[in-house]
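Below you'll find only one chain, the form predicted alone, shown as structure tokens.
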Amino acid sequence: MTDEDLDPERYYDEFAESEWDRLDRDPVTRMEFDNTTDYLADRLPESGRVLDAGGGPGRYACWLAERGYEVEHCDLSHEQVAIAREKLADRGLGDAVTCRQADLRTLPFETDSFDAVCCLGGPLSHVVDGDERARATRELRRVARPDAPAFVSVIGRLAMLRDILTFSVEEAHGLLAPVAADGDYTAERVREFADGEGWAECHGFRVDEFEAELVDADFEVETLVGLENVAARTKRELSAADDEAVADVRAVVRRLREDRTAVDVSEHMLAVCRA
């Protein structure tokens, strides 16, 4: 594996179809989607123009279009955009959504042009450089109309560390200390500490850091949500569990999802903001 293979655009071009499947693959990933859409349903305006930035293969764009919103979908990956167009067309939603390739750091939209802004599933985490990520967050704020709701989810650092411990501690334990220190999972570090075998480059957040970066971009953070919280890294166990057990876990995750510690340990943390 080369450094280019860990480049987010190239990575998501290669694994585009699996990203569509991800949010319905097991009970834990369904919790990520269902908890996110709970907050969308509660906080979105009744109608209007919504940005789905870094929207990948279009699961959230489909959800939004099904509820009557005019949606602008964009993603860095050409293949993700192509799949989003295909999935929307299959559902008869193609006329409600415009899909294009675009970078979070330079969004191709006018200032104050959206009634709500979404950046869901962790695309902001794939902007590893702090200055560039701040630029991307300011872009999300720029295109939101005054007082518009914004929904941003990122990858949690503690869950990233658990992934290393669970799946590759013997081969990649050297990654633990640097990722714990600053959250940056980079091609350079994977090459040095994991023999070049790894996932797309990303930045894992702690909850205080996530909130601070949003405030720095002039968002008002209203609610922080741990989308999987205590169920993080239990995909295998819950996939084998019966429906009653899964329902009990879902209820506990829902109960704890606004607990700040539960947010910090989650695989994905969601911020519900106001521009």
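Start at 1 and count along the sequence shown; that's the residue number. Here the structure is a predicted model, which means the values were calculated and not measured.
Separately, the form predicted together with a small molecule exists; it is not shown, and the next lines address it.
Novice: May I ask you to choose, among 93, 187, 102, 148, the residue with a heavy atom within 4.5 Å of the small molecule in the predicted complex?
Specialist: Checking each option against the small molecule in the predicted complex, the one that comes within 4.5 Å is 102.
Novice: In the predicted complex, does residue 60 come within 4.5 Å of the small molecule, counting heavy atoms only?
Specialist: Heavy-atom contact with the small molecule at 4.5 Å: present for residue 60.
Novice: Give a yes or no for residue 19: in the predicted complex, does one of its heavy atoms lie within 4.5 Å of a heavy atom belonging to the small molecule?
Specialist: Output for residue 19 is yes: heavy atoms within 4.5 Å of the small molecule.
Novice: Find out whether any non-hydrogen atom of residue 226 is located within 4.5 angstroms of the small molecule in the predicted complex, and reply yes or no.
Specialist: It does not: once the small molecule is placed as it appears in the predicted complex, residue 226 has no heavy atom within 4.5 Å of it.
Novice: Does any heavy atom of residue 160 come within 4.5 Å of a heavy atom of the small molecule in the predicted complex?
Specialist: Flag for residue 160 set to no.
Novice: Among 137 to 145, 108 to 116, 123 to 131, 160 to 168, which stretch sits within 4.5 Å of the small molecule in the predicted complex, heavy atoms only?
Specialist: Result of the contact check: 123 to 131.
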